[in-house]
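First, one chain by itself in structure tokens, the form predicted on its own.
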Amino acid sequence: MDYFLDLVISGLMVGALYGIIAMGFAMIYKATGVVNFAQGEVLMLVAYIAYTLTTLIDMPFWLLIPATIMIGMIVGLIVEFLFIRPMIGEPVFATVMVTIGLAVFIRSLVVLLWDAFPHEFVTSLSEQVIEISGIRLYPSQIVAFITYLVLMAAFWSFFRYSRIGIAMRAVANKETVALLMGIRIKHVYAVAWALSSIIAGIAGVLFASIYDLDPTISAMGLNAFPAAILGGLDSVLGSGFGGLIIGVVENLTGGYLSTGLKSVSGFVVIILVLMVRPYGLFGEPEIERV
């Protein structure tokens, strides 16, 4: 029973990171109707820039997070302005291909500017293990889970009470109609990409503080993608919750079956769920009048 509980708790900790990244996927999709396949690479780029700051400046963790938010916002706005804004009005497939090309470009840029070797991401967080009711966790894991809860609450408020949140849904549904309603599409795109990059950057810094930093961190984007599909690509909060499910499933699979099956277990779950609910657990079915 203790082994099962350990697997579930550690799965929730990893799932919190998956959930944060998945919220970034859903944020872009909710605003633009596009799946951003460069999410993992944006995560990696922001994490490397934050790592550079920590090596140049002895920055405490409480200051590193606001710095990461600023870095993520700037990266997101640059990406949106240079690569995404020119694609407004173009077919969705073309924009998706741009994000794939962007992923390759960022991955190569990181290796060129830094290197392909692992680096220890040193923060001011203590390395001493904290034991809570017999469960042993690192402070960075606890911070990651608390951050996940804070982001879930923040985005629930954002989409419930802000006008920009409603505008994002309108733009994703139909750009032309949104324009006729007076919605500034460019503004919505910029906000969505900035928020998505901020989310990705926070997840990257948290992941690097728990493990190490190297270019393979970009694979976190692919690992978190099943969470976004499971929760529903048009549901930011649902995608965040899906991360917890995927994290627990992966850990239980690796613990009881095989570590080789761990990485594919999340995709097996979404296949089973999509056979019943093609729009995800919390997504909204698309209804068309004919």
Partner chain sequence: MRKKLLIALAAASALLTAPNSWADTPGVTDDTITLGEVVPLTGPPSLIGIAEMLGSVIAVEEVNAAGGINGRKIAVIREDDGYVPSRSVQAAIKLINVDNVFAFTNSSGTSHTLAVMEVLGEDNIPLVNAHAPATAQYTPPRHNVFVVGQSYTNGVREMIRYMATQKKGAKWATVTQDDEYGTELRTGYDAVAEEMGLETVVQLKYKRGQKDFSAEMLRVKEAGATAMLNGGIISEVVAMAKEAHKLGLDIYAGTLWTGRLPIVQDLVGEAGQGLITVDYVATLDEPAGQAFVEKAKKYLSAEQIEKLNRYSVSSYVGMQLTFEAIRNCGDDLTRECFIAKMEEIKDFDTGGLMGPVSFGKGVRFTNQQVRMIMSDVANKKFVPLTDF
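Numbering follows the first chain given and starts at 1. Everything numeric in this text was worked out from a predicted model, so none of it was measured.
There is also a form predicted together with the partner chain; it is not shown, and the following applies to it.
Comment: 259 to 267 is the region of 259 to 267, 64 to 72, 236 to 244, 32 to 40 lying near the partner chain in the model of the complex, near meaning a non-hydrogen atom within 4.5 Å. Proximity of F105 to the partner chain in the model of the complex falls outside the 4.5 Å heavy atom cutoff. In the model of the complex, the partner chain sits within 4.5 Å of a heavy atom of N251. In the model of the complex, at least one heavy atom of A116 sits within 4.5 Å of the partner chain. Taking the partner from elsewhere, T99 is found to have every heavy atom lying beyond 4.5 Å of the partner chain in the model of the complex. Between the partner chain and the residues V129, A154, I146, I78, the one pair within 4.5 Å by heavy atoms in the model of the complex involves V129. Residues F207, I210, Y211, D212, D214 are the ones in 185 to 215 with at least one heavy atom within 4.5 Å of the partner chain in the model of the complex, listed in sequence order.
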